[in-house]
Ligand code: RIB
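Quick heads-up: it's one chain on its own, the form predicted alone, in structure tokens.
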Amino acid sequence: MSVSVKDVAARAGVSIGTVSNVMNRPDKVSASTVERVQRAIDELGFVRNDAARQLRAGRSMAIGLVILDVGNPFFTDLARGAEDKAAESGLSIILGNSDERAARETTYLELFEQQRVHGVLISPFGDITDRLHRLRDRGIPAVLVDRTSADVSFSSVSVDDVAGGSLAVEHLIDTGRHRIAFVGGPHAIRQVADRLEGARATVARHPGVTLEVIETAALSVIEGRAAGVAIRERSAAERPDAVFAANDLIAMGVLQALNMQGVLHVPHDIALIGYDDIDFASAAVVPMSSIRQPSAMIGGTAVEILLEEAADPTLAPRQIVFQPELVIRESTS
């Protein structure tokens, strides 16, 4: 037989309202009463019904977070930053991995809507503007992470990826490279498109420098390795002398392929720079140069904005854009 709040109140010798205060607003109850109620809860094995509580409150104590790839350490760090900030307000994070698939992304958003989450953080893959408007109309705020809001109708926390792409290519040119390949994709991902835009703009300012674009199906080590093998098998005259990878996972795959047969060496034959500066970048066989993003800060800042908008839905959307940082290691030196 299930134990109710009424049973706890009877065992502790207090009112049902006092039990509720102990569970939700313990600062309003004396320490001795909190101890007595908690002892009754432990003795009876009472488990609170959070589902019923959130139905009464109108929203749960969880924040939904949808990311593009749970296997990418950048998003792991972002999620950790969000989790730490949410915990300060007694909230938890429910993580959803869209795996760069629009249908899966939609499924998570529908689930979070059904669960009446406190709010949604999302690094979007598909066009979800209408879905986010629907969430907001139902009292669930949403903030974009690692992406700007195209129509600025939602708050966002991101990094200037155009500037990041420019930083990467400018560095390669400074090291004397002239035949640069951009490896990454799909280009439908806004972050990839922005990094490529920055690369193209920088190349256009330098006569004699060329940019080849090698699109991949995903931002993974496997896709990077396949691109690296294709580059390795070209003749010396046809190979690029530098690679700008759209993220560090792609860069790791390219590095593995180039080093595989010991014919090519990074950076002597081909310089290599990635993006995100995940921990693996510095620990690679050839430590990789990268463009650093403040991943944990992105997640934490997004939670701060989300909580403010949950408390006051009339707040105007804000676009927070951090600047990327060039980190130079052996792969380009």
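Bear in mind that the values here come from a model prediction, so they are computed numbers and not experimental data. We number the residues from 1 along the sequence you see.
Missing here is the form predicted together with the named molecule; even so, the following discussion is about that form.
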Whether Glu215 contacts the named molecule in the model of the complex should be assessed with a 4.5 Å heavy atom distance threshold; does it? no
Partner contact for Asp241 in the model of the complex: the named molecule, 4.5 angstroms, heavy atom: no
I'd like to know if Tyr108 sits close to the named molecule in the model of the complex, meaning any non-hydrogen atom pair within 4.5 angstroms. no
Check Gln191 for me: does it contact the named molecule in the model of the complex (non-hydrogen atoms, 4.5 angstroms)? yes
Which pick from Asn72, Thr202, Ser156, Ser98 sits with a heavy atom within 4.5 Å of the named molecule in the model of the complex? Asn72
Among Ala82, Ala168, Val183, Leu219, which has at least one heavy atom within 4.5 Å of the named molecule in the model of the complex? Leu219
Within 4.5 angstroms, counting heavy atoms, which one of the listed stretches 73 to 81, 227 to 235, 206 to 214, 127 to 135 is next to the named molecule in the model of the complex? 73 to 81
Contacts with the named molecule in the model of the complex, stretch 284 to 310 (heavy atom within 4.5 Å): Gln293
